[in-house]
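One chain is shown next in structure tokens, namely the form predicted on its own.
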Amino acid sequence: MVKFRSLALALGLSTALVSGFAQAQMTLRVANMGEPDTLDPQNMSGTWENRIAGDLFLGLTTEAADGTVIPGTAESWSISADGTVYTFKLRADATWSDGTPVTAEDFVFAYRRIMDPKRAAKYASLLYPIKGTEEVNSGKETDFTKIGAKAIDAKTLEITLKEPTPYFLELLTHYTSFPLPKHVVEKAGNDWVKPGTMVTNGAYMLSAYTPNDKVELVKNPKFYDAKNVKIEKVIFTGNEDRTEMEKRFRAGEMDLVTDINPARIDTLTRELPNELKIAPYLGLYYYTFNSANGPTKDPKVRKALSMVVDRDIITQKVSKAGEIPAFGIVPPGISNYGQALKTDWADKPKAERVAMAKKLMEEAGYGPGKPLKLELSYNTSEGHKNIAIAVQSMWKQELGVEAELVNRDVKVHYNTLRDGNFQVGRAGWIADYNDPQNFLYLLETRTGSNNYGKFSNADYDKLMLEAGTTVDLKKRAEIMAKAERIGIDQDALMPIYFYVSKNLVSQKLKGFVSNTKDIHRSRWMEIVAN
């Protein structure tokens, strides 16, 4: 009896341990490096928000583990001979997490909602390739049925474009194009994103949201491919302290850390060579100038500030992860483009660049007797801080500029940029799709709040519109290169470097595949015992 009881206790303990271990195995803990401004995909704009949205929702197309475009809610599609009409067949078993079928009308509803001028969606202009969207979003057209999205039947969606758009299928992986549950949004209004109310069509559902702490998701049993989703729970932690997240990773409290403190890269390379994943990344790290107000409204000031910043020192001594010094806007190697452009002074000796910059500042009215004073804003990160300090020092040493550094958390920082309440601000842009238009779009007047500096140039806008109507890809690339040249020559922004991605990945986490978009949906990963 005693032996039996002991055995039973032992078995019970063993079962509990196994169960606890299995539960821990099924939870993915992600250091997400940012507090989401919202859980509504139509109001998002950051990579940290994209990670959450892409687990909750599934667009017509989506990303495979390696970032390539694959069918999502649409299982197939056809394209008209002139390339302007896409007809999508939705999966018969695509449902929302409450069991309601996902219909073509959910997409039509979503596109009309994001284009409503009253909503002021930050990223609405990304969908301007769809016929009628820009007119509705700008308020010129009040009939929302003019938007080129039509439900042929419950499972057939027709989208009509203004012009052939070579990147359109990739664009549909973006969260601005995700469907919304019309039956929930119309009933709950803006509260539809709250836990217990939100329903989703992706691999995961929202289970809890603690502001300034974490977002918790659980597996969606109604997801069409649920049987192949192995991770049961995902926890996104918003803490932006890279050093603290590294410590928690080392302690086994994090499985995936989506960025690191650059100052730690040598140590991490030496101590965690199998966990540190550095890979090419289609992104631009830059400083945006306020082109509408303040001293940086003057192009001479912008050019002078840009000319004295030594990108080699920043990439080799500060960021140190293999980033590429940037003197242009479009990253090298992007599809549908030619050779990367750069400023006409990029290859000049430093002494010559500094002399030119000083002359420009004098012409703008600044010098030793009247030093330029401005604010340089950046979002919380050891890396962003170190780069800001380096730039501040370079400006002071070469031009006598007195720059005050202003730090804010990522949500407040980007809202400040969009509101135009800054002089010089740090920003980063990661490709939403592999096409130069996605970077040059940042400087179009019609882009709206994502054109942080409010740069506006009629010739630039005209060229981008012309590129949008040009079918021949070679000619289109030539037109966009002319636009980029204007942006570079006007110093609409200050490119600093082209990114590499830097992740810490637990060896227990399988299915993580480095890719140029640094997109890693939880549905493709699993956690296994070492």
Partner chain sequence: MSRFVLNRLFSAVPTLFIAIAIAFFMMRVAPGGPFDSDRQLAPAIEANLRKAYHLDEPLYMQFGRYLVGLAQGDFGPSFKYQDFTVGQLIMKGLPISLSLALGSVLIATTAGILIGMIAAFRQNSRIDHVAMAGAMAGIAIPNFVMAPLLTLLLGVHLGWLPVGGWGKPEQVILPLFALALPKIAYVARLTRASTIEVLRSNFIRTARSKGLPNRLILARHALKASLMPVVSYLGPATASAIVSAVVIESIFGIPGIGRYFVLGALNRDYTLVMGMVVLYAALILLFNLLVDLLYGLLDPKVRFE
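Rigid core: the largest C-alpha set superposing within 1.5 Å between the two forms. If you're wondering where the values come from, they're calculated on a predicted model, not measured in any experiment. Positions refer to the first chain, counted from 1.
Below, we refer to the form predicted in complex with the partner chain, which is not included among the displayed structures.
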Consider Thr100 of the chain shown here, and say whether it contacts the partner chain in the predicted bound form, taking contact as heavy atoms within 4.5 Å. no
Answer yes if any heavy atom of Pro211 is within 4.5 Å of a heavy atom of the partner chain in the predicted bound form; otherwise answer no. yes
At the 4.5 Å heavy atom threshold, is Ser501 in contact with the partner chain in the predicted bound form? no
Please run the contact check for Lys370 against the partner chain in the predicted bound form: heavy atoms, 4.5 angstroms, yes or no? no
Please name which of the stretches 312-320, 132-140, 391-399, 77-85 has residues with heavy atoms lying within 4.5 Å of the partner chain in the predicted bound form. 132-140
Checked Lys247, Lys350, Lys359, Arg270 for heavy atoms within 4.5 Å of the partner chain in the predicted bound form; positive is Lys247
Heavy atom within 4.5 Å of the partner chain in the predicted bound form: which of Glu253, Asp344, Glu404, Glu363 fits that? Just give me the one. Glu253
Triple contact flag Ala121, Asp241 and Ile430 to the partner chain in the predicted bound form, non-hydrogen atom at 4.5 angstroms: yes
Pick out the residues of 372-409 whose heavy atoms come within 4.5 Å of the partner chain in the predicted bound form. Asp409
Large Cα shift (2 Å or above) at Pro195 between this form and the one not shown, core-fitted: no
Rigid core fit then Phe109 CA moved by 2 Å or more between this form and the one not shown: no
